[in-house]
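Presented as structure tokens, the chain that follows is alone, the form predicted alone.
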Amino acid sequence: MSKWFCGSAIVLMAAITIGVVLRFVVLGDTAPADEDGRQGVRMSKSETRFVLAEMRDFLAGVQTIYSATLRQDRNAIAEAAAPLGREVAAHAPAGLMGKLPLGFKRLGFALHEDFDRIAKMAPHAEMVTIQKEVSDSLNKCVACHASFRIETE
């Protein structure tokens, strides 16, 4: 084989790799922003059900954690936060991560990490510190809902 052919094959492989990474890691399966400026994220019905259920779980978890901070119930805080951490992301439907744009993934993973942190801080942190962490987490929810919309295929 000639040096030209080997060099061309390497360039082609690099371009394909970059294209795949760009599509499945950065861009996802998205639609253009609509009139309110939110970018569409295309998902199947089962993926949509998974994401919406996860969002409802986040909301219920935040409410439980906030209520528990008012009662000074550290066990309830940890019990509500722990199942919402990074581990739950492992149960996402196959292929979903490739459809999510990088900004959506960053917010989602950061939110899961927040819940892991809240669960770990529950036994010892001041309640106001936990409430601040919950408030910071809700900012991620607001940012995601302001930036993205789900489009079911």
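We number the residues from 1 along the sequence you see. No experiment lies behind these values; they were computed from the predicted model shown.
Just so it is clear, the following notes concern the form predicted in complex with a small molecule, a form of the same protein that is not shown.
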TL;DR on 90-98, 64-72, 122-130, 109-117: the one with heavy atoms within 4.5 Å of the small molecule in the predicted complex is 109-117
According to a 4.5 angstroms non-hydrogen atom cut-off, is L52 in contact with the small molecule in the predicted complex? yes
Taking the shortest heavy atom distance, is K45 within 4.5 Å of the small molecule in the predicted complex? no
I'd like to check something about A33: if you look in the predicted complex, is any of its heavy atoms closer than or equal to 4.5 Å to a heavy atom of the small molecule? no
Within a 4.5 Å heavy atom cut-off, is R86 in contact with the small molecule in the predicted complex? no
